[in-house]
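Below you'll find only one chain, the form predicted on its own, shown as structure tokens.
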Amino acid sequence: MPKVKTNRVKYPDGWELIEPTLRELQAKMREAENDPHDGKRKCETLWPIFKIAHQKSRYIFDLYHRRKEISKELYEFCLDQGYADRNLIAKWKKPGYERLCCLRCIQPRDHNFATTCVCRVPKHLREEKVIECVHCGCGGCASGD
């Protein structure tokens, strides 16, 4: 007889330490996805979702790379299961992208004149001092700020 496949996932050691925070962030994500869109611009409806996704990725990144509180196995598990954005974390490791808010802000095809987003401009070089990114609502994620 063939083996019966189950959908059970084997959680690595240390999962019980980060699980409550990740569950809380997932509950916030569900709440943000179900919020009404009344009176908001089309782009503004996605801003809370981008912020929560950034928060989850930053939490896992900080635990592994900065505080060194979780194992490599648990870190890889979180990336494989989609608890964090692997591509965004890869950018955070590079100089100049330590505070990047989302990947759409650095993709030239999403902007006029094939440049990056206005939130990537350092504050001292901006003409307008208060800005919001159209893609994710970021107020500024340039490394020099």
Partner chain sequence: MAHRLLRDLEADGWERSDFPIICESCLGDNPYVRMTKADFDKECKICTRPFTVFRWRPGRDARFKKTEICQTCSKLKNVCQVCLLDLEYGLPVQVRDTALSINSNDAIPKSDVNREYFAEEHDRRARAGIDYESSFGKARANDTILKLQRTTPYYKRNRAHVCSFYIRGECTRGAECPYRHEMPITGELSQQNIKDRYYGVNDPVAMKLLNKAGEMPSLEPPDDESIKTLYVGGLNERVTEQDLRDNFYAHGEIESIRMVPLRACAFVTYTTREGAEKAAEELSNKLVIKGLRLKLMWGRPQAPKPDSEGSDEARQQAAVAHSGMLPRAIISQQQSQIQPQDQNQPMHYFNIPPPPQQERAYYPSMDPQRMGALIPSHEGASNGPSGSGENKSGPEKQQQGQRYAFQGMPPPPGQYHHQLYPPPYGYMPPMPYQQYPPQYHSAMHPPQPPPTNQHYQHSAPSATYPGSAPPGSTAHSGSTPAGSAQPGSRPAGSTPPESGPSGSSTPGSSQQ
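Numbering follows the first chain given and starts at 1. Everything numeric in this text was worked out from a predicted model, so none of it was measured.
This next part talks about the form predicted together with its partner chain, which is not shown.
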| item | value |
| --- | --- |
| Among 63 to 71, 48 to 56, 25 to 33, 105 to 113, the region lying within 4.5 Å of its partner chain in the model of the complex by heavy atom distance | 105 to 113 |
| Residue contact check: Glu128 to its partner chain in the model of the complex, 4.5 Å heavy atom | yes |
| 4.5 Å heavy atom contact, Arg86 to its partner chain in the model of the complex | no |
| Contact flag, Lys42 vs its partner chain in the model of the complex, heavy atom cut 4.5 Å | no |
| Stretch 15 to 35 - residues with a heavy atom within 4.5 Å of its partner chain in the model of the complex | none |
